[in-house]
Every structure is written in C-alpha cells, then in structure tokens.
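Have a look below at one chain only, the form predicted alone, in structure tokens format.
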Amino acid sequence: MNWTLALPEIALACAGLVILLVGVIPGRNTFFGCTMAVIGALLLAAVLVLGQPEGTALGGLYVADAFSGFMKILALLGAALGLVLALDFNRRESLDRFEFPVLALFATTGMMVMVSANDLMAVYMGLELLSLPLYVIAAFDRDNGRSAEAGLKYFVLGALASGLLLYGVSLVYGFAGTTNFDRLADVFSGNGGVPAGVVVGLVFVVAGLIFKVSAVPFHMWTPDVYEGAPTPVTAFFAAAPKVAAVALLARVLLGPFGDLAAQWQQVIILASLGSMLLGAFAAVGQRNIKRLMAYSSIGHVGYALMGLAVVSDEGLRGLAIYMLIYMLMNIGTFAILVGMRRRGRAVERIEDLAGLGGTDLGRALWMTVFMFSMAGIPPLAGFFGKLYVFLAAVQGGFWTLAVVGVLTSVVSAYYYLRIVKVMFFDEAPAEGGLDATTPGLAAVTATTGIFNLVFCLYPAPLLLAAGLAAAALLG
C-alpha cells in the first residue's frame, strides 16, 4: 500500500489536528496565528503536490496524475486567498475564532481527496469531508439570522444531494459489482451492453455531483447561501470548492463512465444550457451584489460544463483553464466586496458602490477589470476562458451550446456593466463613500487583477499545464 503518494492530504490532515489542539490554548491573536498556520500548511501541501509522482495508492482508492495536480493547486490557492480575505473581516465582525481556519483546512483536505478519488467510496468520503465543515462556516455568524438560515438550508439540501449520490453508488455497485474506477471502466468497455440499472445509478450520481457545482436544476441553495453567509465564506464557497467539485465531476464521468458518454452527455448539455440561461437572466433584477454573484457563478459553471460536455482534449483543457480564470476573477471581486464597509458597517447593495470612482479610484478601476473579465470583454482573461470552451464546442459540433453561450454572455454583460455605471456615473450617497480598504485585501485585489490583465500576454505555460492535465484524465 503506497500511502506516501497521499502525503499532501496526510500532511494537511495532521496539520489540522495540531492547529486544532493549539487553538484551544488561551492566548492573544489565536485567530490570526491559526490562520497563518493554516495558510502555511496549504503552502506545504502545494509543494508536496508539485513534487508528487504519478500512480495509484491506498488499494486503488487514490490516484495522482497531472489532472489532480493542476486542480489541487487551484483549490489550495483559492483556499489560501479566501483565508486572507477573512483576516480583517472576521476581526471586525467579532468572528475571529480559531475554528474558522481549521474548518477551512479540513474542507480543503476534502477537496484534495475528491480530486484524487479513484473509487466511488473515496468520492463520498471526500465529498462529506468537504461538506461538513462548509455547513458550519456557512452559519459561522451565529447571532445573524441570515447566516444561520444559510447554514441550515445548505445542510438540508446537501444531505439530500448526499442521499442521491449514495443511492446512485449503490445501484452502480449492485449492477457492476465494483466501485473502483479502473474496474468500472473495464466492465463498461466490453461489448456486452450496459444494464439499465447502471444508467439509472449514473443519473443519481451525476445529480449528487451537480448539486455541489450549483448547476441547474440543483442550484436552488446557491443564492440564499451566498447572501446569508459571511462575505469571506461566500468568497471561499465561490472559489476552491467549486474547482474541486468540477474536477470531481470530470474525473467521475470521463474515467469509469467514459464509455457511457452517450448516456450522460445529454444530462451535462442540459445542465450547461440551463445554468447559462438562468445565470444570465435571473441576475438582471438583483440588487444585493452577493446574490448577483451567486447567479453569476451558476452561469459560469454552465460555461465550464460546456467543456466537459464536448468530451475531448480541447474541451477538457478549456474546462481546466476556465476554472483557473474563474477562480481568480471571483476572488478578486470578493476582495472588493469584503471591503465594502461604510462607517464600520458592512454593506451589500449594488447602490452602495455609487460614486466609488470619485472616492476610491483604485478600487473602482480594479472592480471594472473584474466585471469586464467576467463579461468576457477582450483582452482580459475572462474572454480567453470563454474562448477556449466555445472553440471546443464548435470543433465538437455542439453549435447550440456555443450559440447559447455567446448570447447569454451578451445578456450577462448588462448587469456587469451596470455595476461599472453605478461606480462611475452615480453620485455617492450622503453618508459618504466606502471605508478605506486593508493592506491584505488590497494585495489580493491587485494580484488577481494583474493576472486578469496580463494573462493575454503570456498564456502558454498555463495552457500547457491545462493541456497536460486534460491528456492525463483522458488517457
């Protein structure tokens, strides 16, 4: 049993236990110290992932390859940036308890297990290890009714999704006789036909996984949880877990069920179309910017699923690069939203950004960069993210997906550009502009903003890494 291959996950789990023990020791700045320790553990895990050899471990439950390495680095980066966003916010909102970074660390461990899962049982274990901490941090602001409601809704609907997934796994196991991905691939690669029970089980598995990526029709939890959870928690939800869930969906469908593409492809196409349409039109009337970002994330997942539906190297490469760009666009946007405070109080309405171009030009310009990138306006990174998945869809003959993607991008540009209009052309409210941002938020904003600006100048290394990841998954 080659357990050393799973060293990144083992290191994270052990670090979480140690930090949990240290956190209960009374002392000053426990939250800050634990957060820095967790970020250090995430950095250590990233180094271990970069030096990780390829192969399978733990009796075939765990696999390490270029795809898992690429997605794990994205998840670790998203988790670390999300924790940086929480540092000042949690202190100001009296949420600076050491449990927060520890829960984020265990959730990240679950993400890494998900990405490297090579068995349906490992899939479920990683998914629950991710979900249980997320239920808690969604309701971390215990005295806020909206936060408690967000945590409860996410828990109830998450339990339903877990039940769907487990029912699907049991059906697949009952008809195929195994839960291991390699053995399932061997079973389905034969010419003996596929039992109807396996197809039904696959539908339930896909339904459970689509819930985690918040794609239509299992998106109903997203707007309420995004709005009710503390803003740094929303940023965390929108970045790292989304990357891990999309990676898991790709590994499950293209690995053991790759020969059943004809059975699941239509489901992914419908989910992609529904997500793009809902994300474009449902966000138009939103006034709460966190709720708007929830519908925006649903739309972006629709674009990412377009790359998965194509079932090709180009499609999967487009999916990988899209998730990288999407994550950094989101983190940058939420770095500005976390800093939306007026006279020490957090504000969330789009109208609260009014006049930001006159009172804080730097933040307004960075927000403009992120909104233009999300709208897919060249030469920003968001344009190239959409370009790669659209090209893959066109090359694969999926013209309906490509056309709907372009049209919904035009519609979604309305509400992104409306935010820019509010910042630069509306008058600041009588009570004054937003409070000054903190150095940590400014650093995250500038880093992610520069990436969106300069990606077009030298995309080759990231495209190469995404291409290697796609090739590893498709064999």
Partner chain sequence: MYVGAIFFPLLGATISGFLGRWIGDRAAQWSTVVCMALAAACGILAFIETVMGNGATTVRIATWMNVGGLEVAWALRYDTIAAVMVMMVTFVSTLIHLYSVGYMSHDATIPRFFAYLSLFTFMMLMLVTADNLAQLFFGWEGVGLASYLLIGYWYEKESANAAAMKAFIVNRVGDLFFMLGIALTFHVFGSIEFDVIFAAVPQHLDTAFLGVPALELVAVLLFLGACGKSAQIGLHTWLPDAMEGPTPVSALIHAATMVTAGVFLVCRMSPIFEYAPTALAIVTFVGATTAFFAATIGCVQNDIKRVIAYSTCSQLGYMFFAAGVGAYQVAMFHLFTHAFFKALLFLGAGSVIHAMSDEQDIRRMGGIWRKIPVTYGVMWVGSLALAGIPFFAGYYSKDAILEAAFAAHSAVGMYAFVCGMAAAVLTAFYSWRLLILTFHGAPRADHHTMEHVHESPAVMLLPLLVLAAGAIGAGWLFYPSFIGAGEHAFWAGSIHNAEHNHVLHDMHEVPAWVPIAPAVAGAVGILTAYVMYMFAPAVPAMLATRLRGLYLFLLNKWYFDELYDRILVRPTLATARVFWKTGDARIIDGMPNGAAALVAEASRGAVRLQTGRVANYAFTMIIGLVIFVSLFLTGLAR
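Remember, it's a predicted structure, so these values are computed and weren't measured experimentally. Residue numbers count along the first chain shown, from 1.
The form predicted in complex with the partner chain is left out here; the points below concern that form.
- By the criterion of a heavy atom within 4.5 Å, P223 is counted among the residues contacting the partner chain in the predicted complex.
- Although the partner is absent here, R291 lies within 4.5 Å of the partner chain in the predicted complex, judged by heavy atoms.
- Put simply, F218 is close to the partner chain in the predicted complex: some heavy atom of it is within 4.5 Å.
- Mapping the unseen interface onto this chain, P459 counts among the residues with a heavy atom inside 4.5 Å of the partner chain in the predicted complex.
- Candidate site formed by V200, Q266 and F281: every one of these residues places a non-hydrogen atom within 4.5 angstroms of the partner chain in the predicted complex.
- Note on contacts: among A402, I73, V169, L157, the single residue with a heavy atom within 4.5 Å of the partner chain in the predicted complex is L157.
- This chain appears without its partner; in the predicted complex, the one residue of M327, L184, I210, A375 with a heavy atom within 4.5 Å of the partner chain is I210.
- Heavy atoms within 4.5 Å of the partner chain in the predicted complex map, among the stretches 358-366, 86-94, 235-243, 202-210, onto 202-210 alone.
- Contacts of stretch 84-120 with the partner chain in the predicted complex, defined by any heavy atom lying within 4.5 Å, are made by none of its residues.
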